[in-house]
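The same protein chain appears twice below, in two forms, each given on its own as structure tokens and labelled structure 1 and structure 2.
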Structure 1
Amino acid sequence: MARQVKKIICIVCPRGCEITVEIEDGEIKSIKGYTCPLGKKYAEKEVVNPERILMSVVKCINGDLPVVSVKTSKPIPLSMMKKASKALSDVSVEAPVKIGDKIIDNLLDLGVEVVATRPCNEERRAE
């Protein structure tokens, strides 16, 4: 089977090392260009199943802002990012919301939670 060379940029830290992964018959033959062990681990995963954390906003009812920011508790497959983001556009929560509050238990059965990353207080009514 074919030999494949994949170039990827490590996103684990701001340094952004360019890592070259050599694949032969579906097996990793060599990994070059990483500066630290985290990069090697990332590259091994990235060539097989790239994953990302999704960050977005959901509607907040009666909040002092109309939306509250959220993230997935763990990375999800990159191929699911658009679908997962779309799913969040139908979600709304009621103020008040605190940082870390669970918004969704299990997003699209991916086995990840969605948690709030910004507080949203109840809207102050005009006196």
Structure 2
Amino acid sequence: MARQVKKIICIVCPRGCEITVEIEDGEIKSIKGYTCPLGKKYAEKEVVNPERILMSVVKCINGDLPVVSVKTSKPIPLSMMKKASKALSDVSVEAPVKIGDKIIDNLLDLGVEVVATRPCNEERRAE
């Protein structure tokens, strides 16, 4: 029987509870240290299938900035972050781009959009 203990700092609220999760043979046996149900749910998710919002940049063609910042519309599996970052490195958009513009409709078939978090205006050309 493989027993494992993971300590997690909850990030759901400002309390920052230190949660201890005991895992045996891949199954959660106990969760201690949370002060609300959200903390327990966060700890369960964090040990079973951790997820994060991906924040990155994509190239902005003919823009006043060389890149535009983007983020995923919801968290993606932590195990997919590297692959998702690589996919974004190959993306470019044409200026103008507004905050909230959809850059990618379905990132890596995860059902997650990638949206702009900063505007990229058209480059002003000298006359």
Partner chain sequence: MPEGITSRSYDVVVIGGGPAGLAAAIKAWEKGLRTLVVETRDRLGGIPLQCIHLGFGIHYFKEDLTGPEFVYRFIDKLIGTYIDYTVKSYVNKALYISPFEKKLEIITPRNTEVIETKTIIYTAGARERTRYEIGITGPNPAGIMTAGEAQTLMDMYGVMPGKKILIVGSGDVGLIMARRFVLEGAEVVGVVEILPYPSGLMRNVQQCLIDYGIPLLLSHMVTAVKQRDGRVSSAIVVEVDENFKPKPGTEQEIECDTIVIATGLRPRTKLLEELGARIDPRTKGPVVNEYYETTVPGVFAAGNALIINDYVDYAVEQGEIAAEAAAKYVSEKGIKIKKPVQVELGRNMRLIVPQILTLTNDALFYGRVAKPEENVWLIFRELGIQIPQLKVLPSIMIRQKIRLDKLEELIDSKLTIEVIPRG
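Values in this document were obtained by computation on a predicted structure and should not be read as measured data. Between two forms, the rigid core is defined as the largest C-alpha subset superposing within 1.5 Å. Counting starts at 1 and follows the sequence of structure 1.
Asks: Does the form predicted alone correspond to structure 1 or to structure 2?
Replies: Of the two forms shown, it is structure 2 that corresponds to the form predicted alone, while structure 1 does not.
Asks: Taking the rigid core as reference, does residue 105 move its C-alpha 2 Å or further between structure 1 and structure 2?
Replies: No: residue 105 shifts by under 2 Å between structure 1 and structure 2.
Asks: Does residue 17 move appreciably between structure 1 and structure 2, meaning a CA displacement of 2 Å or more on the superposed rigid core?
Replies: Residue 17 C-alpha, core-superposed: shift of 2 Å or more.
Asks: For residue 26, is the C-alpha shift between structure 1 and structure 2 2 Å or more after core superposition?
Replies: After core superposition, the C-alpha of residue 26 moves 2 Å or more between structure 1 and structure 2.
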